[in-house]
Each structure stands twice: as structure tokens, then as C-alpha cells.
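As C-alpha cells, one chain now follows by itself in the form predicted alone.
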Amino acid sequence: MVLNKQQGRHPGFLVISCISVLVFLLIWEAACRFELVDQIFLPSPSAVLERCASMFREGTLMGHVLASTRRVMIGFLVATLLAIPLGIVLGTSRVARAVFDPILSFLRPLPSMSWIPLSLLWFGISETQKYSIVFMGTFAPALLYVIDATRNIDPLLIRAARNLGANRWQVMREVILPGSLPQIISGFKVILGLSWTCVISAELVAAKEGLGFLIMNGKEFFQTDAVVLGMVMISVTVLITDIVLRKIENKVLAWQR
């Protein structure tokens, strides 16, 4: 059943969601305590919680979270800041599309993992290497979102602006950018999730801190509670950044509501 916005905000649905999560955790805990599953392969929620409390007290957990978040934000921001102006140019100029389309078609299918060997050769095991993996994995998709959003602008609006005397720059600033912004922001929310996939890939291969490192290190020493904790922290961090992005979207696109 599809819920409309009013139903989704009803406190009753929030209670149902909380109960379903609680039941899931209780079943998981019971399965571990009655040894229906081996805790080496799947630790109980209480074991994960104990690991979380221990690492939080030591100050290492927030270090991993902040390291991954910083890498995502820097790589994501650089990719989007370059993709917005270039995407608008490509979306409005046939000549520019003819020049860049072949290169974009070549880069687009490459997964972030495929860039790791080259990035290690170029930058070594450094922060720049992590930023570059996020950038390389998100730039082409972000650019495509901007191009599509720009090309979906109603041509009548552009023609009307030009008939009223607007030059090319004014058409881009007053018509194309505001008109394409909702679709661009929606696309960037998807790209932000992709950024986390990229940074975790980079940290699994070469890192000394970060949530990807936490997961890989836990796997090496059979600390599955640390592995699950790393996975949980990725989900929690992505949810928080998504909420922040929604708040920014509501502020920037207040005129659309």
C-alpha cells in the first residue's frame, strides 16, 4: 500500500515502525542466545552494542566515522561543483556535447573499484587517493544528471526569455538553472549514496582508518561484531546525511512547495 504524506506523518505509523524494528532485534538476539546461529558468523545485537560502547569510550569509533564522512564530502563536493557548470554547458550546446560525449560514454561505465590500482600508483596510500576514488566514481553520473535536467527545461521558457531580451548568460542563470535545480538535487541525493560505496571500496583496499577499514580489519581478526558495527554505522551516517540534504533541499527549493 502506498502511503501519502499525511499518512506517513501519522504517529501510529511511527509506532508500528518502531515495533517492527524491536521485534526484528529481539528475534535476532534470541537466535544468537539459543545458538541457532553461530556468533562467529552473525554476532548478536547486544555484542554489537557492547563493541560500539567500547569503541566509543576509546574514541576510535567517531574517528572512523569522521574519516569516511570527510572523504565522502570532499570527493562528492568537488565532483558536483565541477558537474553543475559543465553539465549546463553540455545540456545547452550541441557542439560541446559532440566534443565531450565520447569521453563521457567511455568514463560512465567504469566502476569506482576499477580506478583503485591507478589511483594508488598516482597518489599512493593517501587521503588524496580516497578523494580521487569518490570523485572518479561520482563525477560522470553527476554530470549526466545535470545534462538530463538541463535538457528537460521547456524550450518555450527559453524562447520567451530570449524574446524579452535576455542574453545567453541571463537565460542560464534565470531560467535553466532554477528550472533544472529540483531534478539536479534529486539526482545528487542518489549520487551521495554512491559516494559512500566508492569510499568504502577505497578503504577496504588501502586505508588506516575509516568505516571500510573497520570492516576489513574486523574480518581479518574474526571480529564480526566490529564488521556488523561498521555496516550499521554506514547506514546510520548515510541516513543522517540524507536528512541534512533534505533540509537543504527544502530551504533551497522553498519556492517550489
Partner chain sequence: MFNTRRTFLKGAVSLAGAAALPGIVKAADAQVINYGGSAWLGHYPAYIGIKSGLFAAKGLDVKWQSFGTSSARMSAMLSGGIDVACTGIVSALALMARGSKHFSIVGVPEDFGRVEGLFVRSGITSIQGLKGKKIGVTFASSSHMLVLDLLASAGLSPDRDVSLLNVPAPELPAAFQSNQIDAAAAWTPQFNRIRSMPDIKLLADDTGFSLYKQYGVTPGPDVLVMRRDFAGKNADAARKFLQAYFEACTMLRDKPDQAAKYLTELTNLTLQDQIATIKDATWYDAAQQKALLTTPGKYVDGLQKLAEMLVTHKQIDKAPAVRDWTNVNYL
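All of these numbers come straight from a predicted model, not from anything done at the bench. Residue numbers count along the first chain shown, from 1.
What comes next is about the form predicted together with the partner chain, which is not displayed.
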**Report entry** Every residue of Met62, Asp148 and Gly187 near the partner chain in the predicted bound form, heavy atom within 4.5 Å
**Finding:** no
Query raised in the report: Pick from 160-168, 68-76, 123-131, 85-93: which stretch has non-hydrogen atoms within 4.5 Å of the partner chain in the predicted bound form?
Result: 123-131
Query raised in the report: Does the partner chain get within 4.5 angstroms of any non-hydrogen atom of Arg33 in the predicted bound form?
Result: no
Query raised in the report: Is Phe222 a contact residue for the partner chain in the predicted bound form, using a 4.5 Å heavy atom cut-off?
Result: yes
Query raised in the report: How about Cys52: is it within 4.5 Å of the partner chain in the predicted bound form, going by heavy atoms?
Result: no
Query raised in the report: Met231 near the partner chain in the predicted bound form, any heavy atom under 4.5 Å?
Result: no
Query - Stretch 11-41 - residues with a heavy atom within 4.5 Å of the partner chain in the predicted bound form - result: Asp38, Ile40, Phe41
